[in-house]
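Coming up is one lone chain in structure tokens, specifically the form predicted alone.
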């Protein structure tokens, strides 16, 4: 039966709020659960090994206490928060972890986690910082080593056929996510930014086939039931760091905005690129998770034109302005901020930069800035 109104988002919201519950159930049934951090890790390899990929997240707003005993004080609060969940035993259902070199703090996280909360399986995925033929070959070799280590731990050979099947399933999920994003081009959009965020965060904590069913049910529940969002709201694009909590999106939408598009770590960056397995599925993974993966950690060019894709997306979704979310100590994103602002404003897209420490502790001041920005966008219409 099609769900209507607020009910259509009830299941994703419940899964998001209790996102480890399903993984714990599967672990109790004997399934191996592999936690991974960041979008450089291909969950297809974990799925092909017969295990469940589970994206590691923090708990936004939780005071940092225990983690501060292990990290330097200038470390990223998001990474500290994720590690705090581990040392408090909240990730004890994980059989293993895969952590990439997304940044130096994430690299440090791998060493601390492996030493202080050693899982049965741990693998570090090295990621180059520039894209070139040599670095693409290097990353391919890193993926081959990850594949071999998963085979050894899971006792399953990851054949090309198994990997192609996993790629096909994950690509189908990407297609369904893209269909949901397409519904947000409508005016007003068919679902809110908060609903979309919760759906993607929930999906990153359950098996790919279950996420597939959830996406299909979400599409059925929406149907042609658009119009639930105030069409007077300013349409904005949310850009920035990892967004595994809908708090900021809710703040923006409560202040008079409609987040119709995002370019964040759990969003279009993770779901925007599908890979044709062809005769070489590992080559497809190498392209999807490195060569074509648009993360500030990987330097492709110092020219402003590298942000042209954002302008194109903004025009496609009729976006009026861009809100950037930057975490303190996140150097890759913050180094890009001045150039990004210049490029967007030259393209006629106003830009608001928000800095946070993964707590939204200054949400009052943030809300005032967001509301003033949205009112400015509305006056432009």
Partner chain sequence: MSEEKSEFRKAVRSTETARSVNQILMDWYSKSLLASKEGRPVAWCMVGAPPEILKVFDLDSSWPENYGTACAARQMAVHYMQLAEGEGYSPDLCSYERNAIGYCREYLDIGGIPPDAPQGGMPWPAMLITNSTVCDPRSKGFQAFNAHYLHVPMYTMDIQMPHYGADMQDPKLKAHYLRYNIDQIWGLIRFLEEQTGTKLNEAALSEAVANSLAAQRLMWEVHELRKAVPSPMPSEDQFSCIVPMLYMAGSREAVDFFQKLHDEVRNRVENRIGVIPEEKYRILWVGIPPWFNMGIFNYLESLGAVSAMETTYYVHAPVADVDLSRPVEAIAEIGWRKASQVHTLGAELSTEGLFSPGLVLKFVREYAIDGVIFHRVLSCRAISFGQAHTARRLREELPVPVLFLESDMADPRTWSDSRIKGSISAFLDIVDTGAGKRA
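The structure presented is a predicted model; accordingly, all values stated were derived computationally and were not measured. Positions refer to the first chain, counted from 1.
The form predicted in complex with its partner chain is left out here; the points below concern that form.
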With a 4.5 Å heavy atom cut-off, would you call residue 347 a contact of its partner chain in the predicted bound form? no
Within a 4.5 Å heavy atom cut-off, is residue 62 in contact with its partner chain in the predicted bound form? no
4.5 Å heavy atom contact, residue 273 and its partner chain in the predicted bound form: no
Is it the case that residue 301, even though its partner is missing from this view, gets within 4.5 Å of its partner chain in the predicted bound form, heavy atoms only? yes
Are 72, 105 and 135 jointly within 4.5 Å of its partner chain in the predicted bound form, each by at least one heavy atom? yes
Give me the residue from 110, 293, 93, 153 that has a heavy atom within 4.5 Å of its partner chain in the predicted bound form. 110
Can you say which of 328 to 336, 315 to 323, 47 to 55, 32 to 40 gets within 4.5 Å of its partner chain in the predicted bound form, counting heavy atoms only? 328 to 336
Listed by sequence position, which residues of 123 to 161 have a non-hydrogen atom within 4.5 angstroms of its partner chain in the predicted bound form? 124, 126, 127, 128, 129, 130, 132, 134, 135, 137, 138, 141, 142, 145, 148
